[in-house]
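The chain below stands alone, shown as structure tokens; this is the form predicted on its own.
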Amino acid sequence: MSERALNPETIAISAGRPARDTDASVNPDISISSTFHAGGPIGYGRYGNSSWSALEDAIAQLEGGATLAFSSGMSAISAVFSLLPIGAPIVASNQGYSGTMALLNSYQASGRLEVRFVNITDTTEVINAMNGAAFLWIESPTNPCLEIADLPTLIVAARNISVGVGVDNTFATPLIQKPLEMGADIVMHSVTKYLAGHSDVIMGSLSTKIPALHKRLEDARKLNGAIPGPFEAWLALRGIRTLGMRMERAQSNALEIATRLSNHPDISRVRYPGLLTDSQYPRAASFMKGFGAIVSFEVVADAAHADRVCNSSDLITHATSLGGVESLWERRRRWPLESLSVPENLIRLSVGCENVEDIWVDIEQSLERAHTVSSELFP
């Protein structure tokens, strides 16, 4: 009789533990050493660390592929692109995480890569752009407009013409979708966000089912030195233990907040794929097991008013990040590197695990305070 597979929420709690033994610790130790006695599999502190290994094991079990931890999400993304030949054509969304967009634009300008930017929601456009390409990079849901790519269709189409596929799974997490099971070659996480979950770690990860690709990515990490610290790895693993509970609460809160925002007179548009009225809902519901905990919305006013809303909160923190237990928001176009396709008045809200009524009261008060400040500035 085969052993029953564990559910992802259980894996998050049980994976990456030390071997069971009398008086053994239930948690992995923090291994602080740069130097190791000769003859073992590590060799040197830039090549491996048992604290990384415990975290990598946990993410590997969640994503279903051997995993490497990196010093940041951007270093993980850079490692992927570093494997591509000079001038290689790649297909990527024309709207997504600003760091990725800036990196791809710099590669395009320098000739390092030929980047074919596409509307990731237009499956036909994406498939056509893959003709003669070497790699497809998909972020879904996208940051911050929450666009959904048809992952199952795109991944199969790419594999049929030998185009590699990498997926940024940061917003969804492996609790909602598993791109490697769909046939993707690489899955990337900004571990900083939902996996670690407490706004106290900068880290990234890459997962793959392909041993030769894992080795190439591992070599890239060694040579570029983009290694995580052991304490950060330990913190990230501790954060993963509560991933299931945090995501359940945050997603529940997000749907309620999105629903209420949809009926607020100060809001012109709400973007959340869990809303039945959202254009992305049918596709998201067809293969995702949830809709995430990010809600993006546009105020009925200009960018300055949106900034005033974000600056008026008591509970929600005005900050640039997401995925923590606390709610965070910001106007994304305040950053010069943000995609020009993102509306100036769009606020990205990372919905946390607080009581949903407290979050909502703070939103309502912030919207009202912004009006008050506006009337004082422009009587």
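Because the structure is predicted, anything quoted here is derived from the model rather than measured. From 1 onward, residues are counted along the sequence shown.
Although it is not shown, the form predicted together with a small molecule is what the next lines describe.
Engineer: So if I measure heavy atom distances to the small molecule in the model of the complex, which of the stretches 105-113, 225-233, 122-130, 170-178 falls within 4.5 Å?
Structural biologist: Contact criterion met by 170-178 only.
Engineer: Taking heavy atoms and a 4.5 Å cut-off, does I202 contact the small molecule in the model of the complex?
Structural biologist: Close contact exists here: in the model of the complex, I202 approaches the small molecule to within 4.5 Å, heavy atoms only.
Engineer: Taking heavy atoms and a 4.5 Å cut-off, does Y97 contact the small molecule in the model of the complex?
Structural biologist: Output for Y97 is yes: heavy atoms within 4.5 Å of the small molecule.
Engineer: Does any part of E139 reach within 4.5 Å of the small molecule in the model of the complex? Heavy atoms only, please.
Structural biologist: Contact check for E139: yes, within 4.5 Å of the small molecule in the model of the complex.
Engineer: Looking in the model of the complex, any heavy atom of S72 within 4.5 Å of the small molecule?
Structural biologist: It does: once the small molecule is placed as it appears in the model of the complex, S72 has a heavy atom within 4.5 Å of it.
Engineer: Would you mind picking the one in I347, A58, I316, L322 that has a heavy atom within 4.5 Å of the small molecule in the model of the complex?
Structural biologist: After the contact test, the surviving option is L322.
Engineer: Please tell me which of S93, T208, S296, S190 lies within 4.5 Å of the small molecule in the model of the complex, judged by heavy atoms.
Structural biologist: Filtering the options by heavy-atom distance leaves S190.
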